[in-house]
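To begin, one chain is listed below as C-alpha coordinates, in the form predicted alone.
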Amino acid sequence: MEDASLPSYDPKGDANETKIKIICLGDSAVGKSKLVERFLMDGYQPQQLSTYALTLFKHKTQVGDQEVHVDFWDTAGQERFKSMHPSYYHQAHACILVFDVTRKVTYKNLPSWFTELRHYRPEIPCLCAANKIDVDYSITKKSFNFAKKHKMPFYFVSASDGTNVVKCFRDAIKAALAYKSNSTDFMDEIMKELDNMTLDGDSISSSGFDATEQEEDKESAAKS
(Lines give C-alpha, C1' and ligand atoms only; values in the text may rest on other atoms or scores of the structure.)
Protein backbone atom coordinates (compact mmCIF):
# COMPACT_ATOMS: atom_id res chain seq x y z
CA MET A 1 0.00 0.00 0.00
CA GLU A 2 1.32 3.43 -0.95
CA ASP A 3 2.38 5.69 1.92
CA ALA A 4 0.22 8.82 2.02
CA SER A 5 3.20 10.95 3.04
CA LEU A 6 4.97 10.28 -0.28
CA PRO A 7 4.17 12.28 -3.44
CA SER A 8 2.14 10.51 -6.10
CA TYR A 9 2.93 10.84 -9.80
CA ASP A 10 -0.12 9.06 -11.19
CA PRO A 11 -2.82 11.76 -11.11
CA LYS A 12 -2.88 14.22 -13.96
CA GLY A 13 -4.18 17.72 -13.38
CA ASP A 14 -4.38 19.96 -16.41
CA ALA A 15 -4.15 18.16 -19.76
CA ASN A 16 -0.91 20.00 -20.52
CA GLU A 17 0.62 19.38 -17.08
CA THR A 18 2.68 16.32 -16.22
CA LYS A 19 4.41 15.21 -13.00
CA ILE A 20 7.55 13.10 -13.22
CA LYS A 21 10.04 11.65 -10.76
CA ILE A 22 13.76 11.35 -11.51
CA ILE A 23 16.08 9.62 -9.05
CA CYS A 24 19.85 9.92 -8.65
CA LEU A 25 21.88 6.85 -7.69
CA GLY A 26 25.52 6.23 -6.85
CA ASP A 27 27.99 6.05 -3.99
CA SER A 28 28.25 8.65 -1.26
CA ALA A 29 30.08 11.88 -2.16
CA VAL A 30 30.07 11.35 -5.94
CA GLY A 31 28.31 14.72 -6.27
CA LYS A 32 24.66 13.78 -6.84
CA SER A 33 23.24 16.69 -4.81
CA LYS A 34 25.74 19.14 -6.29
CA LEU A 35 24.74 18.12 -9.82
CA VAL A 36 21.06 18.70 -9.09
CA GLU A 37 21.81 22.05 -7.47
CA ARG A 38 24.04 23.04 -10.39
CA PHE A 39 21.27 22.24 -12.87
CA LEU A 40 18.61 24.10 -10.94
CA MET A 41 20.87 26.88 -9.58
CA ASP A 42 18.59 29.17 -7.55
CA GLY A 43 15.36 27.91 -9.04
CA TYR A 44 14.73 24.89 -6.83
CA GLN A 45 12.71 24.20 -3.71
CA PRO A 46 14.32 21.45 -1.60
CA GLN A 47 11.89 19.50 0.55
CA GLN A 48 12.98 17.10 3.26
CA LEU A 49 11.20 13.77 3.67
CA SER A 50 12.62 13.08 7.11
CA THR A 51 10.69 9.82 7.55
CA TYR A 52 12.62 8.31 4.67
CA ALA A 53 15.85 10.35 4.93
CA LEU A 54 15.36 11.74 1.43
CA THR A 55 15.47 15.14 -0.23
CA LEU A 56 13.27 16.33 -3.09
CA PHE A 57 14.26 19.13 -5.44
CA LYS A 58 11.18 20.50 -7.16
CA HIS A 59 11.47 22.02 -10.62
CA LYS A 60 9.04 23.35 -13.24
CA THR A 61 9.88 23.43 -16.93
CA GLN A 62 8.28 23.48 -20.36
CA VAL A 63 8.75 20.69 -22.90
CA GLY A 64 6.93 21.48 -26.11
CA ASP A 65 3.40 22.43 -25.12
CA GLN A 66 3.62 20.52 -21.85
CA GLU A 67 4.17 22.07 -18.44
CA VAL A 68 6.31 19.57 -16.57
CA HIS A 69 6.63 19.35 -12.79
CA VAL A 70 9.83 17.45 -12.00
CA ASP A 71 10.83 16.03 -8.64
CA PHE A 72 14.53 15.17 -8.48
CA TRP A 73 15.03 12.73 -5.62
CA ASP A 74 18.34 12.71 -3.75
CA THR A 75 19.55 9.97 -1.42
CA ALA A 76 20.54 12.37 1.41
CA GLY A 77 23.24 9.98 2.61
CA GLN A 78 21.09 6.83 2.68
CA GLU A 79 23.41 5.27 0.07
CA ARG A 80 26.03 4.80 2.81
CA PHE A 81 24.11 1.64 3.75
CA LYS A 82 24.69 0.28 0.22
CA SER A 83 20.96 -0.02 -0.39
CA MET A 84 18.01 2.33 -0.77
CA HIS A 85 14.55 2.15 0.80
CA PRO A 86 12.04 0.76 -1.77
CA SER A 87 10.10 4.04 -1.57
CA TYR A 88 13.04 5.74 -3.29
CA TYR A 89 12.33 3.78 -6.47
CA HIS A 90 8.52 3.87 -6.26
CA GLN A 91 6.96 5.47 -9.38
CA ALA A 92 10.34 6.72 -10.68
CA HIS A 93 10.30 7.55 -14.40
CA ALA A 94 14.06 7.87 -15.00
CA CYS A 95 17.38 7.48 -13.19
CA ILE A 96 20.72 9.29 -13.35
CA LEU A 97 23.49 6.94 -12.23
CA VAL A 98 26.52 8.94 -11.03
CA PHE A 99 30.13 8.07 -10.31
CA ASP A 100 33.23 10.09 -9.45
CA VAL A 101 36.04 9.84 -12.02
CA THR A 102 38.60 10.54 -9.28
CA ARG A 103 37.57 7.45 -7.25
CA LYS A 104 37.65 4.12 -9.07
CA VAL A 105 35.61 2.35 -6.40
CA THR A 106 32.57 4.50 -7.25
CA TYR A 107 32.75 3.21 -10.82
CA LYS A 108 33.23 -0.40 -9.70
CA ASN A 109 30.08 -0.11 -7.57
CA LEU A 110 27.85 0.92 -10.49
CA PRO A 111 26.77 -2.69 -11.26
CA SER A 112 25.41 -3.07 -7.71
CA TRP A 113 23.36 0.13 -7.96
CA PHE A 114 22.12 -0.82 -11.41
CA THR A 115 21.07 -4.28 -10.22
CA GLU A 116 19.09 -2.78 -7.35
CA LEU A 117 17.48 -0.24 -9.68
CA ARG A 118 16.35 -2.97 -12.07
CA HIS A 119 14.93 -5.01 -9.20
CA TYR A 120 12.45 -2.24 -8.43
CA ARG A 121 12.17 -0.47 -11.79
CA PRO A 122 13.01 -2.96 -14.57
CA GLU A 123 12.31 -0.72 -17.55
CA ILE A 124 12.83 2.96 -16.74
CA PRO A 125 15.51 4.80 -18.76
CA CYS A 126 18.85 5.16 -17.01
CA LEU A 127 21.54 7.71 -17.87
CA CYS A 128 25.13 7.52 -16.64
CA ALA A 129 27.10 10.59 -15.50
CA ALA A 130 30.87 10.66 -14.93
CA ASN A 131 31.28 13.56 -12.50
CA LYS A 132 34.26 15.73 -11.43
CA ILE A 133 35.97 15.76 -14.83
CA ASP A 134 37.24 19.28 -13.97
CA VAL A 135 39.89 17.62 -11.78
CA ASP A 136 41.53 16.14 -14.89
CA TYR A 137 39.95 16.75 -18.30
CA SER A 138 42.13 14.07 -19.91
CA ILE A 139 39.71 11.52 -18.45
CA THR A 140 37.28 12.51 -21.21
CA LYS A 141 39.56 10.73 -23.69
CA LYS A 142 38.75 7.42 -22.01
CA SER A 143 35.81 5.14 -22.74
CA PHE A 144 33.68 3.66 -19.96
CA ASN A 145 32.44 0.20 -20.84
CA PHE A 146 29.72 -0.01 -18.18
CA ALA A 147 27.49 2.54 -19.92
CA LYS A 148 28.11 1.04 -23.34
CA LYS A 149 27.47 -2.50 -22.06
CA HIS A 150 24.06 -1.49 -20.70
CA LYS A 151 23.26 0.85 -23.61
CA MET A 152 23.02 3.95 -21.43
CA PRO A 153 23.40 7.52 -22.59
CA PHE A 154 26.72 8.64 -21.11
CA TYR A 155 27.86 12.12 -20.05
CA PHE A 156 31.13 13.58 -18.83
CA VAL A 157 29.95 16.19 -16.33
CA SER A 158 31.22 18.62 -13.73
CA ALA A 159 29.09 19.97 -10.91
CA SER A 160 31.92 22.42 -10.29
CA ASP A 161 32.08 24.18 -13.67
CA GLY A 162 28.74 23.02 -15.11
CA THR A 163 30.07 20.99 -18.04
CA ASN A 164 27.23 18.97 -19.66
CA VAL A 165 25.05 19.19 -16.52
CA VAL A 166 22.16 20.95 -18.26
CA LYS A 167 22.26 18.53 -21.21
CA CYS A 168 22.30 15.48 -18.95
CA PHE A 169 19.35 16.63 -16.84
CA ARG A 170 17.31 17.88 -19.78
CA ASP A 171 17.82 14.56 -21.52
CA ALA A 172 16.74 12.79 -18.31
CA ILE A 173 13.54 14.86 -18.26
CA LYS A 174 12.83 14.01 -21.92
CA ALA A 175 13.52 10.32 -21.25
CA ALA A 176 11.22 10.33 -18.20
CA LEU A 177 8.44 11.94 -20.23
CA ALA A 178 8.91 9.42 -23.03
CA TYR A 179 8.70 6.58 -20.53
CA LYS A 180 5.60 7.97 -18.83
CA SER A 181 3.84 8.41 -22.17
CA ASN A 182 4.91 4.91 -23.24
CA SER A 183 6.89 6.38 -26.10
CA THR A 184 10.30 5.01 -27.02
CA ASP A 185 11.04 7.69 -29.61
CA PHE A 186 13.42 9.70 -27.45
CA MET A 187 15.34 6.71 -26.10
CA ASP A 188 15.63 5.22 -29.60
CA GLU A 189 17.03 8.53 -30.82
CA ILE A 190 19.56 8.90 -28.01
CA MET A 191 20.63 5.25 -28.33
CA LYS A 192 21.40 5.85 -31.99
CA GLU A 193 23.52 8.85 -31.01
CA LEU A 194 25.35 6.67 -28.47
CA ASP A 195 25.99 3.92 -31.02
CA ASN A 196 27.33 6.45 -33.52
CA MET A 197 29.73 8.06 -31.07
CA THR A 198 33.41 7.79 -31.93
CA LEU A 199 35.22 6.80 -28.76
CA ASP A 200 38.64 8.42 -28.71
CA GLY A 201 41.59 7.45 -26.58
CA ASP A 202 42.52 4.26 -24.81
CA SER A 203 40.05 2.00 -23.10
CA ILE A 204 39.52 2.92 -19.49
CA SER A 205 40.27 -0.68 -18.55
CA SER A 206 43.94 0.20 -19.01
CA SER A 207 43.70 2.35 -15.89
CA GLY A 208 41.77 -0.22 -13.92
CA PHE A 209 38.23 1.19 -13.96
CA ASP A 210 36.68 -1.79 -15.73
CA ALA A 211 38.63 -4.51 -13.95
CA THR A 212 35.61 -5.58 -11.88
CA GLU A 213 33.39 -5.97 -14.93
CA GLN A 214 36.05 -7.95 -16.77
CA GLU A 215 36.43 -10.36 -13.87
CA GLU A 216 32.64 -10.77 -13.59
CA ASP A 217 32.39 -11.49 -17.32
CA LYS A 218 35.15 -14.11 -17.04
CA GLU A 219 33.41 -15.78 -14.09
CA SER A 220 30.08 -15.84 -15.96
CA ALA A 221 31.71 -17.35 -19.04
CA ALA A 222 33.43 -20.00 -16.93
CA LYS A 223 30.17 -21.01 -15.22
CA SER A 224 28.34 -21.30 -18.53
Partner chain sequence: MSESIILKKCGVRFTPPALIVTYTNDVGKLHRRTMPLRNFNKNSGVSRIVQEMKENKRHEKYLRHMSPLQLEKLIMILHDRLNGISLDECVMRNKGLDTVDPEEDLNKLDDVTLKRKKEIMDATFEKNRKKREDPDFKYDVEVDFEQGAIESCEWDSDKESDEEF
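Keep in mind that what you see is a predicted model, and the values were worked out from it rather than measured. Residue numbers count along the first chain shown, from 1.
The protein also exists as the form predicted in complex with the partner chain; that form is not presented, and the subsequent description refers to it.
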{"property": "All of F99, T140 and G162 within 4.5 Å of the partner chain in the model of the complex, heavy atom check", "result": "yes"}
{"property": "Exercise: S87 in contact with the partner chain in the model of the complex, heavy atom 4.5 Å", "result": "no"}
{"property": "Proximity of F156 to the partner chain in the model of the complex, heavy atoms at 4.5 Å", "result": "yes"}
{"property": "Contact of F144 with the partner chain in the model of the complex (heavy atom, 4.5 Å)", "result": "yes"}
{"property": "Heavy atom of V166 within 4.5 Å of the partner chain in the model of the complex", "result": "yes"}
{"property": "Any residue of 96-134 that, in the model of the complex, places a heavy atom within 4.5 Å of the partner chain", "result": "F99, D100, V101, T102, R103, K104, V105, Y107, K108, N109, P111, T115, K132, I133, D134"}
